[in-house]
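Presented as structure tokens, the chain that follows is alone, the form predicted on its own.
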Amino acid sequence: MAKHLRLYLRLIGVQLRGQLQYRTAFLMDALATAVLTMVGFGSLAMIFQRFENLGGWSLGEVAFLFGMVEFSFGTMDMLFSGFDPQHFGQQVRRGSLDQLLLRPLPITLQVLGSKFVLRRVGRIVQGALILLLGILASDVGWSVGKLLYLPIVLMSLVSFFGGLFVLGATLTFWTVESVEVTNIFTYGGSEMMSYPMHIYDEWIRRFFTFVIPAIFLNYYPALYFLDKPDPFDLPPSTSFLAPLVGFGTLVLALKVWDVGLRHYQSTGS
């Protein structure tokens, strides 16, 4: 494990040195990413100027949801960019994956370290600031349990989104048309999760509860942090399923990834 960690850090170090060679360009990219996040949240804030709440949630409470998702997705997008289905799919089609398979290193480690998008730090910082704003505006009643659980929820969200990226990358072994479908559940899913789940139609709620269990990753933990009642009357323990769902999704995705690797056939190029 320690050996693999050192190898991963070396791969990331190469990525970082390359991206920081042009620091002005890097800063502009990071700033642009941050601005896009703030524009999205600014549009949401403008809605609250006309309507006092969204499904009974105040701007601060929605900011709490929004910030958790933005911070976690930005972190995942930086760490798991090697598994981005669009990027990885190009590697498969061009035959670049064959080069990685010939190297005496774990293929999963190589893919994970093949791309590290540092400019995503702009989205991460903005997500953290929006989350902080949500915490302050919502006047969260903190306890030791809540303080310990918040980073676990954030890591669970990172793992969940990372698992979706890994699943999307695996699909490219068999089809080149999977990128848009994957984006619906990754980028589209992150957008959907930024708002209270109870405002959506029943079929959407059911889909993101029983098919893709996203509801357990930030909505139910948010109910716990914000001391809000559960409109669906599920057991109180539901708020603590985030680690099981998040890390479980990543583990399952890696199992499917292993199956895909075993059945991978070279492009021949």
Partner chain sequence: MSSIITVSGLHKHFSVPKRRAGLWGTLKALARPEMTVVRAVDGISFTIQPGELVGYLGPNGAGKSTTLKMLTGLLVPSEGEVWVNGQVPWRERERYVASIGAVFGQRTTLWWDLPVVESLELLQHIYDIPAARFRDNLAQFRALLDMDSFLDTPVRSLSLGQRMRADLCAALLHDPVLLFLDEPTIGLDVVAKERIRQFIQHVNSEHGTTVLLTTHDLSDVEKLCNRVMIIDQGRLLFGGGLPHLMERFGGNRELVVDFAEEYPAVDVEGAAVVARDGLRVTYQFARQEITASALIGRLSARYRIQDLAVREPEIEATIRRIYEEKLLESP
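Values in this document were obtained by computation on a predicted structure and should not be read as measured data. Positions refer to the first chain, counted from 1.
The next section is about a form of this same protein that is not shown, the form predicted in complex with the partner chain.
Trainee: Only one of G141, G145, P106, P151 has a non-hydrogen atom within 4.5 angstroms of the partner chain in the model of the complex; which is it?
Mentor: Exactly one listed residue reaches within 4.5 Å, namely P106.
Trainee: Test of understanding: in the model of the complex, would L136 fall inside 4.5 Å of the partner chain by heavy atoms?
Mentor: It does not: once the partner chain is placed as it appears in the model of the complex, L136 has no heavy atom within 4.5 Å of it.
Trainee: Hey, in the model of the complex, is V14 touching the partner chain, heavy atoms inside 4.5 Å?
Mentor: V14: yes, in contact with the partner chain in the model of the complex.
Trainee: Contact with the partner chain in the model of the complex for A128, defined as at least one heavy atom pair within 4.5 Å: yes or no?
Mentor: Result no; A128 lies far from the partner chain in the model of the complex.
Trainee: Using a 4.5 Å heavy atom cut-off, state whether K255 contacts the partner chain in the model of the complex.
Mentor: Contact check for K255: no, nothing within 4.5 Å of the partner chain in the model of the complex.
Trainee: Only one of these stretches, 128 to 136, 70 to 78, 154 to 162, 90 to 98, has heavy atoms within 4.5 Å of the partner chain in the model of the complex; which one is it?
Mentor: Among the candidates, contact is made by 90 to 98.
Trainee: Select from 61 to 88 the residues with a non-hydrogen atom within 4.5 Å of the partner chain in the model of the complex and write them out in sequence order.
Mentor: Counting only heavy atoms within 4.5 Å of the partner chain in the model of the complex, no residue of 61 to 88 makes contact.
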